[in-house]
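Single chain ahead, written as structure tokens, the form predicted on its own.
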Amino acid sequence: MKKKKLGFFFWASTVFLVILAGFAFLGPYFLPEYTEIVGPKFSSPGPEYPLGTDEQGRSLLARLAYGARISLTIGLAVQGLALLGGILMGVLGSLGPKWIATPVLRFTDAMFAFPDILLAILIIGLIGFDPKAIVYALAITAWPAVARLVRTQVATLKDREFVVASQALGASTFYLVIKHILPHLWGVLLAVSMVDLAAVILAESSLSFLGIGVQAPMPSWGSMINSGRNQMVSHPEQLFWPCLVLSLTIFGLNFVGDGLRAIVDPKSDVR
């Protein structure tokens, strides 16, 4: 079967995400602190502050960099926990004994009854306004989708010849999962995780926009958008830059996820 060619948007998104990662994790070492006042309020872009300053005279570029670091760190942490929980629950739901698999599947289905953002708000309200609380809250809302995907994939793979043959030779369930099943899932999970990461970053920004996510003075794209909203008429650049970076990040992750999906699943109609 002829492999699909990855398009311009995939490669452009890949380059953008690499630059964004460097900007997020290396930029703060070369930029002022996000709390440092570097000039007058609402200064225009110039050599000292390339994107200008905010309502307190802080560098917009520096705050975007720190916000990118926070968003990516929270997003990666949430996705990592969601993968761990989703893989565990998905495997148990498919290969576990009935007395374990049935409650796991019913619990997973029940999690879909709660709106993600509302459940995250409830969890954050219970355990406090803290970046760790955001990670836990979003991870709790993210793992059910991973569990459902893993269960579906495992149910397909467990009847394949190489799995049945290994099982006939006396291989344990743990060995089958580690040696034969999970290696076939990483491609699909990576592709899906890129799209899910975009959803997590958007959810974190939404929580910060509402004032229940990352708290001041720590910068977040969502809180920067909320601040910029108050000056959108007189100083539109305060709203433009965080919205632009957030939008490009979401689009980039989705395009890369679609491209990876085309690689691991050539039968898909992703372009």
Partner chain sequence: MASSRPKSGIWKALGLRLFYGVISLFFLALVTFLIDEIAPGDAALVKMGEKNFTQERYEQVKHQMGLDRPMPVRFAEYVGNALQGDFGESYYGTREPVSEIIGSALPMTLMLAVPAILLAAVTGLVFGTIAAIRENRMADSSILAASTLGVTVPNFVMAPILVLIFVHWLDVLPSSWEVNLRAPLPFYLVMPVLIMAARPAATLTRLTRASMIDTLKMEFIKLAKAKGVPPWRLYMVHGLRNAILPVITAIGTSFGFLLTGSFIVESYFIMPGMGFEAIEAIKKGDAPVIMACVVLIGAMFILVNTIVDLIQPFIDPRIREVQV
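Numbering follows the first chain given and starts at 1. As the structure is a computational prediction, the values presented were derived from the model and not from experiment.
The form predicted in complex with the partner chain is left out here; the points below concern that form.
So in the predicted bound form, is the partner chain close enough to residue 260 to count as touching (4.5 Å, heavy atoms)? Although the partner chain is absent here, residue 260 would stay clear of it in the predicted bound form, with no heavy atoms inside 4.5 Å.
Is residue 250 near the partner chain? Define near as a heavy atom within 4.5 Å, in the predicted bound form. Residue 250: yes, in contact with the partner chain in the predicted bound form.
Test of understanding: in the predicted bound form, would residue 117 fall inside 4.5 Å of the partner chain by heavy atoms? Residue 117: contacts the partner chain in the predicted bound form.
How about residue 49 - does it come within 4.5 Å of the partner chain in the predicted bound form, if we only consider non-hydrogen atoms? Output for residue 49 is no: heavy atoms all beyond 4.5 Å of the partner chain.
All three of 210, 239 and 243 touching the partner chain in the predicted bound form at 4.5 Å, heavy atom to heavy atom? Answer is yes for this spot.
If you check 35, 206, 44, 56 against the partner chain in the predicted bound form, which one has a heavy atom within 4.5 Å? The residue in contact is 206.
Tell me which of 127-135, 91-99, 160-168, 175-183 has residues with heavy atoms within 4.5 angstroms of the partner chain in the predicted bound form? Flagged stretch: 127-135.
Even though the chain is shown alone, can you say which residues of 89-114 have a heavy atom within 4.5 Å of the partner chain in the predicted bound form? Heavy-atom contacts within 4.5 Å come from 107, 109, 110, 111, 112, 113, 114.
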